[in-house]
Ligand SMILES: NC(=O)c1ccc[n+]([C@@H]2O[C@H](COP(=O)([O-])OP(=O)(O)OC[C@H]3O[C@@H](n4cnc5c(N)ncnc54)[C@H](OP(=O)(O)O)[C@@H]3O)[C@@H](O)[C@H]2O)c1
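Only one chain comes next, encoded as structure tokens, the form predicted on its own.
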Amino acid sequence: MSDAGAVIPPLTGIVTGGTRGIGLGLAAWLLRRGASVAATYRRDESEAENARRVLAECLSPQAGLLVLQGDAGNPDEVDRQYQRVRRELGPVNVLVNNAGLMPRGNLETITDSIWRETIRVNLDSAFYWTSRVVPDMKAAGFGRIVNISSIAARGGGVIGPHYAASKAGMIGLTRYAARELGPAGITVNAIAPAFIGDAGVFRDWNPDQKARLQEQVFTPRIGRVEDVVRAFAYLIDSPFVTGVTLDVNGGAFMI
């Protein structure tokens, strides 16, 4: 129970970018919770196959699992995936907008095409998916939408202006959607991670590089996917928390 008299219903969730890193961790948590889950990915078939194996081990007998290929920044493909999820798993009441690109660059090197592609995949996708699932959530009187932003939304970060802008846009979308959808029983929140050593660009960093990240946090270690999962679990079970951005960064945002 989330609070006195309020019961979390059976969950059916979509996790975009759900076959690696943070997305995979969140999809696995939902499955262990007993939810049915659709995890989407763009093109890496080897990662998708590994995710199928990992997620299948978390699957409850009564739940379903889909691992779907498609471009989250293409509204036609989002429609196709959404219809399949609804047909095979049922109405959706949890959405995690996690799909994203992280090409590094600066104001002088980022091309127009890289700018547009990053905004399209990182930010447009969140709008497309949110707009599709809202009718299901309103009909149920319950919904949880969690947008995976970044410390870059607040302080610019190290990836580039395109990435920072896309993640800042997700926070704006979060706040607007929380205001509009709250009366329908739908909470909308964001998580802003940083320095998650087993996700994103940091997965491939060597120990010396990761040690340097330690200098930018105020905790005994850098982050792990499990830290983001804990924040996510709190938001799923919190009916009176909406419109917030939960920082998961070891205090790095204070620098």
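Not measured: the values here are computed from a predicted model. The first residue of the sequence shown is number 1, and the count goes up from there.
The discussion below concerns the form predicted together with this ligand, not included here.
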Inset, instruction - Spot the stretch among 82-90, 131-139, 180-188, 160-168 with residues whose non-hydrogen atoms come within 4.5 Å of this ligand in the predicted complex. - result: 160-168
Inset, instruction - Identify, from the list Leu173, Ile119, Met102, Ile110, the residue with a heavy atom within 4.5 Å of this ligand in the predicted complex. - result: Met102
Inset, instruction - Heavy atom within 4.5 Å of this ligand in the predicted complex: which of Leu55, Ala194, Ala35, Ala38 fits that? Just give me the one. - result: Ala194
Legend entry - 4.5 Å heavy atom contact, Thr12 and this ligand in the predicted complex: no
Legend entry - Contact of Ala63 with this ligand in the predicted complex (heavy atom, 4.5 Å): no
Inset, instruction - Indicate whether this ligand has at least one heavy atom within 4.5 Å of a heavy atom of Leu59 in the predicted complex. - result: no
Inset, instruction - Answer with yes or no whether Asp44 is in contact with this ligand in the predicted complex, where contact means some heavy atom within 4.5 Å. - result: yes
Legend entry - Residues within 4.5 Å of this ligand in the predicted complex, restricted to 147-176 and counted by heavy atom: Ile148, Ser149, Ser150, Tyr163, Lys167
